Structure formats: C-alpha cells, structure tokens
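One chain comes next, on its own, written as structure tokens: the form predicted on its own.
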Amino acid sequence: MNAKTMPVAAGSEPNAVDYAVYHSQAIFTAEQENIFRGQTWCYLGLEAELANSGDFRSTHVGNTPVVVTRATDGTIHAWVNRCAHKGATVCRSLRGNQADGAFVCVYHQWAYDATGALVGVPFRRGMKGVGGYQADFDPAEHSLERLRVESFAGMVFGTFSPAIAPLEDFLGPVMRKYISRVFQRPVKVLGYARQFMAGNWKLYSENSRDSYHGALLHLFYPTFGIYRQSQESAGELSEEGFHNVFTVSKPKGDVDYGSFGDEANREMQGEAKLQDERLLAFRPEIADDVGLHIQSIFPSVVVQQIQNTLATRQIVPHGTDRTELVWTYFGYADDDEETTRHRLRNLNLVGPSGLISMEDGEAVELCQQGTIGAEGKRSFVEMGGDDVRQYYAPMGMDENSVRGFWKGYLGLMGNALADLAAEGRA
C-alpha cells in the first residue's frame, strides 16, 4: 500500500481519505481536543453583534458551548457556558443584552460578570453560623473557563490555546487581504438562519472548498449567469493549506443565459425564468469586478460575497453525523434603505433554502449516508492533480483546496489519528 492510498489514520496524503473520519466517535473526540480546543483560532461572531456594553452571543467552539460578551469597558470576552458549580448551562439565550452585566445560573444562582468572573454565590457564608463554604473559598478559583479573544476586521475569534501565535499570524497575509476586502468598512447585521445537516462537519468543510461541484450541482449558477467554469476565477490557499479563498469575476459584457446553459453538463427542468429578475442584479461596490467570493477559514467559518449578499457561515459540529450551520447576514453600516432592500432580495440566493446553496446540505447528507459501513475504503480526491498548490487559476475543474483542507487537518491530527489506528479505534 503506497502513501497515496493509505488510510488517513495511518498517515496518508490528503488525496485519499478513509471514510472512517466521517463516522468514528473516537476521531470526533480527538478533533475536539486537537483542533477546536487545540492550536487554532475559532470564529465566535462579529463585533457588530456586540455593539453595546452588555451585548452577548451564545455560540460554540467545536461542540463546546461558549458565550462571547462585551464588558462595560468595551472589551470583548468569551467563556465556556458551563457553571463552575454543577456544570449547568449559564446563559440560555442565543443573543441579547444583559444590562446589569450579570450572567446568573438558574440552578443555584451563581452569578458571573461579562468577563466570566464569579461575582456572587448565595449563602456563601451560610446563615446564622450554619452551612456555607469554608473561609478559604476564593471566587477567583471558580470563574468560568475563559478563551483568549482577538479580532480582525470586525470578526471575533477565540482560542483555548495559551501558546498559539496571534490571530493575524494564524490567518496569514493572503486570508487577511481577502477578509479585509469583504469587511472594507463597518457592517450591520441584517439577520440569521440556522441549518441542520445529518452529516459530518468535515463534509461541509470540504464542500465549501470544492469548486468542482459549483456549476454542476448548483444549476442556478450557470442557468442565470452567476458562475460558469469559463469565467475569470482563481483560488488561493494559506501556507498550511487549510484556509482558502475562491474569487470569480462577473461575466464580461451582456449575459446570454442561453450560452451559460450550454456550458453546463445538465439543465434545469422546465422553464428557467425568474418572476423578479431584480434578484440577480449585481451592483459592484468593491474596487474590483468580483461577483463571487467564498473564503473558508479553518476550522469553523466561511466568509461569503455572492452578488451583493454578505454573510458568514459558522460550522458547529454536534456529533459525527450532526452539523449546524449558522448564517449571519450583514450589510454595510452606511447602506441606504434601497441598498438594504436589494441585499435582502439577494438573500434568496443563499442560506438553507437559497436558490444557489440549498443543494449543499443534501450533498453532505448523501455522502454521510453513502459511507456508512465503508471504513477502510477511501475517497478519490485527484481532480487537477494530487498535490496542493497555493495559487491556481482558473478554478472549477480541480480539488486543490479540498486537498489543502486535508493537508492542514492532518498537520493537526496526524499523531492522534496514528495513535487511534494503533489502538484499533480509527
């Protein structure tokens, strides 16, 4: 068995992936420690969601529940949403504002401030000399578990690692450039959507990096002139391989929908006509002609600009076959009313039931279902070669970024997977 066909758990190259990685509970558990709680920065939200003192957002880092907050001094904090007393969930709301800055566990009323510090314990000294904690009880030793928090261009990230390099180094210059492209000026949140998929988080991570399927699975793209393989496009990866970005320039000249359809391998059945073609209108607002920007930041977020839709997609793994995708839609803070209405129309393209993106969840579930019982068998990820290149153009006929994902994944998980394989658990 050569390196290109060995199972991932035995240290393969990233072009042949053992299907066990989508189903093994042992691998999923190891991912939580080695990736999500390891040497990575995970997306927590947008600064625009925490505009005011007391604002908070409940989220996850891997399968660990986390709350991100803005304290009275304006600083942003994140802590594990697990009471230090009995492990109960402290914050039970998705988002909001805690005006008094206190987060109180409903079970025994232990109270924490926005930084996660324990600030109140009922009957700490007992009553009339009875009960209570011992005199040496120190609230500082019973605060909530905290994450390091850093922001870049209005995106907030957290890490459990005390040793990892700063966020900007983790992102690298290429990813910073493209994040700054989308977050070129202050943003405002327009809304949210939550999508649940009966599939492994890595299948969606591959999907967001897979340009090969774009105009094949999503027939809306070629039918209505948003994307086809012959358009000017490019892909770039970080040095580690696990971050990537796709950009596709808008079509040159007038769009001939018929010619777009001619380039597709399949056609939409029935009449392919929109009742409101304003949905497709693209109003360039950045100093380039890019109409599609899909950027995957390992391990947990996708930044997108499709036409005039702007969004982040946060990947939340709840189990080997349960993944949640949290869509946060936004516009620019200085958008006028008409621009905001246009963005809201454009949002019909994306999200769980979007005209473009609704097929992705189905593809994830099909792969999850199809690989049940297929441990030891492998995928074949060699469209466009078997190497990983940091820059490639055009895109759409390769799987370079998918191989980049697995290159980065193995860099973090290789030793753990080898240990599990030696123990017969992967």
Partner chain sequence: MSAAAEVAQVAQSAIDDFNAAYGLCLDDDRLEQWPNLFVDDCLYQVIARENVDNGLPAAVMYCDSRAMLVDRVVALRKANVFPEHFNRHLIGRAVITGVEGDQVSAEASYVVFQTRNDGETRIYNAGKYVDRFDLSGGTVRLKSRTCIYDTLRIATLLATPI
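Residue numbers count along the first chain shown, from 1. Model, not experiment: these values are computed from the prediction.
Absent from the display: the form predicted in complex with its partner chain. The rest refers to it.
If you check its partner chain in the predicted complex, you find a heavy atom from every one of Leu217, Asn348 and Glu359 within 4.5 Å.
Only one of 69-77, 335-343, 281-289, 98-106 places residue heavy atoms within 4.5 angstroms of its partner chain in the predicted complex, namely 335-343. Distance criterion of 4.5 Å from any heavy atom to its partner chain in the predicted complex singles out Leu355 from the list Cys91, Val303, Leu355, Leu203.
Asp276 is the sole member of Glu168, Asp138, Glu239, Asp276 with a non-hydrogen atom within 4.5 Å of its partner chain in the predicted complex.
Its partner chain is not drawn, but in the predicted complex it has a heavy atom within 4.5 Å of Gly191. In the predicted complex, none of the heavy atoms of Phe123 sits within 4.5 Å of a heavy atom of its partner chain.
Although the partner is absent here, Glu324 sits close enough that one of its heavy atoms falls within 4.5 Å of its partner chain in the predicted complex.
In the predicted complex, Glu382 stays away from its partner chain, with no heavy atom inside 4.5 Å. Taking a 4.5 Å heavy atom cutoff to its partner chain in the predicted complex, none of the residues in 64-84 make contact.
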